[in-house]
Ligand code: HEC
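First, one chain by itself: the form predicted on its own, in structure tokens.
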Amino acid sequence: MKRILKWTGIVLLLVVAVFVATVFGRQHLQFEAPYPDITASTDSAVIARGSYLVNGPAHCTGCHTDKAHETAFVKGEPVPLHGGMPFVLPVGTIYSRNITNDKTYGVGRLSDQEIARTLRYGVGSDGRAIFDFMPFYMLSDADLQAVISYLRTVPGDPVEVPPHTFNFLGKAVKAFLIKPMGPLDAERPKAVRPDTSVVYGEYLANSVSNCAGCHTERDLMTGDFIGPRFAGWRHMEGIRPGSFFNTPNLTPDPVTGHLHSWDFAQFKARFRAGSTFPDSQMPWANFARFSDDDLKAIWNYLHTLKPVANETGPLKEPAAS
């Protein structure tokens, strides 16, 4: 018996050692993805569209600043895009990157095609898989060009952002689960005409503003969707440590749907009001900049969703004492 236990222990130790070695050996995986034929434009209309997306519906501003400017962002004030915002997750801490045109620390060191590949396929300039924080994989060619064109006008801000830090769980997730999220074979639209249609609303809600990303329950390890889309998410981590915010059910369920008794005027007014719950992760400062027509398109789209009965509880919960 002692001999069996001894060899069992040795085998388990070897298995653990091999697993640990494999995890550390897979920390710098490289992935391939094409470089989209996207080039920045100097056309003022294209740049204006990019500015609207970055500072509004695509909410880049809220993540690509730092903690020191968080209050200013919530107030709707201009903030620098030099990155550094920490996102503390079960796997470690991820810092938003510098997306100013700085040639040392920002996107000024990257080609237009490298930026386009990162946004479209989730593959960084060094070939690594980008964590799924920027689900802009289905942006139209025109909007992708507009975003890059605007970023080329953002003055360089030479701020070096700390590297991501991962605990062992994070290293294991990175080694075996994290992969580029942008599908290589998906057909992206060349352009999507802004109007109030359901088609444009679907594009905004899923490909630009990522409404489903917060209003759907997700696996915090991998980011995978594990609940009905747009049916809400109970206990999403809030801004203050120990706080939670329950994202509401946006489907037109007549009982648990958060919008079932609203009209469009109330929906629009809610966006114009900005942040009202201190623990909400929703980038209200950006979304307050939505045009009326874009809000109408999203409103129209949400009312085409399949009703899902999902009670997410109160919108907010107090911070832990």
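From 1 onward, residues are counted along the sequence shown. A quick note: this is a predicted structure, and the numbers were derived from the prediction, not measured.
One more form of this protein should be noted, the form predicted in complex with the ligand, which is absent from this view; the next part is about it.
Asks: Is it true that L110, L119 and F136 each have at least one non-hydrogen atom within 4.5 Å of the ligand in the predicted bound form?
Replies: Yes, all three are in contact.
Asks: Exactly one stretch in 169 to 177, 72 to 80, 124 to 132, 187 to 195 has heavy atoms within 4.5 Å of the ligand in the predicted bound form; which is it?
Replies: The contacting stretch here is 124 to 132.
Asks: Since exactly one of A33, L259, L29, V46 fits, which has a heavy atom within 4.5 Å of the ligand in the predicted bound form?
Replies: That would be L259.
Asks: Would H59 count as touching the ligand in the predicted bound form under a 4.5 Å heavy atom rule?
Replies: Yes, H59 sits close enough to the ligand in the predicted bound form that at least one of its heavy atoms falls within 4.5 Å.
Asks: Going by a heavy atom distance of 4.5 Å, is Q281 a contact of the ligand in the predicted bound form?
Replies: It does: once the ligand is placed as it appears in the predicted bound form, Q281 has a heavy atom within 4.5 Å of it.
Asks: Answer with yes or no whether C214 is in contact with the ligand in the predicted bound form, where contact means some heavy atom within 4.5 Å.
Replies: Yes, contact at 4.5 Å.
Asks: Quick one: is G182 in contact with the ligand in the predicted bound form, heavy atoms, 4.5 Å cut-off?
Replies: No, G182 is distant from the partner.
Asks: Scan 79 to 114 and note down the residues that get a heavy atom within 4.5 Å of the ligand in the predicted bound form; none is a fine answer too.
Replies: Result: F87, I94, Y95, S96, R97, I99, V107, R109, L110.
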